[in-house]
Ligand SMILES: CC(C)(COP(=O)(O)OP(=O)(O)OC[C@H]1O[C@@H](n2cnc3c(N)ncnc32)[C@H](O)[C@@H]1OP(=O)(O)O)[C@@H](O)C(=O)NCCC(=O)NCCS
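Next up: a single chain in structure tokens, the form predicted on its own.
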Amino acid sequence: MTDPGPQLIGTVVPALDTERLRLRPLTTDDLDPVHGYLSRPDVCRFLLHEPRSREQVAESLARAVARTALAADGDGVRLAVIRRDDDQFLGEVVLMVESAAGAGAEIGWVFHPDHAGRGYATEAARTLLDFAFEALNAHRVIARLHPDNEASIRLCRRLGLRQEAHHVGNCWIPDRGVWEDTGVFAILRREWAGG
């Protein structure tokens, strides 16, 4: 059988189920829980922006809801992470096209701190990696994160991603008026065995 090549561009990201979780596209009804964590300084400390107002989160959510397919480099689809047994909104994961020509994807995650320490982020990120490698035929998946974000570094290591770079002062954060560092973790398709 011939390898179909990467399927990153034009793919609609569907809802994905795990034993405990459902990953589904965000909706405008998710405003309250998303604002619940994106308005927190302890969460935004590791993001590319300061805490967001309800109006700012609503605008961002409207853009996210409109994007259901990966159409070009830099495009991303945000998925709500829902606990299946009680429909509790836990956080979100994102899948982006890092480089269509290079068959590269990027994953990310943000969870409400109230739901930390129960393996939800690992389960959701593992499911997203499976989708990237199996459905999209990605060659390589990366995660970019703040180098001080120990929880995300541990998550990357649990998933089998290796640290490939620590870029110094490469990321301008307009909200803060500072340059910050970026850590880059990655894994190749041939290395992935479901984490």
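Keep in mind the model is a prediction, meaning the values are calculated, not measured. Residue numbers here begin at 1 and follow the sequence given.
The form predicted in complex with the named molecule is left out here; the points below concern that form.
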Contact test in the predicted complex: Ala121 vs the named molecule, heavy atoms, 4.5 Å: yes
Interface membership of Arg158, the named molecule in the predicted complex, 4.5 Å heavy atom rule: yes
Contact test in the predicted complex: Phe131 vs the named molecule, heavy atoms, 4.5 Å: no
Residue contact check: Arg20 to the named molecule in the predicted complex, 4.5 Å heavy atom: yes
The named molecule: the contacting residue among Ile142, Leu145, Leu26, Leu70 in the predicted complex [heavy atom, 4.5 Å]: Leu145
Among 55-63, 132-140, 145-153, 163-171, the region lying within 4.5 Å of the named molecule in the predicted complex by heavy atom distance: 145-153
Residues within stretch 17-50 having a non-hydrogen atom within 4.5 Å of the named molecule in the predicted complex: Arg20, Val43, Phe46, Leu47
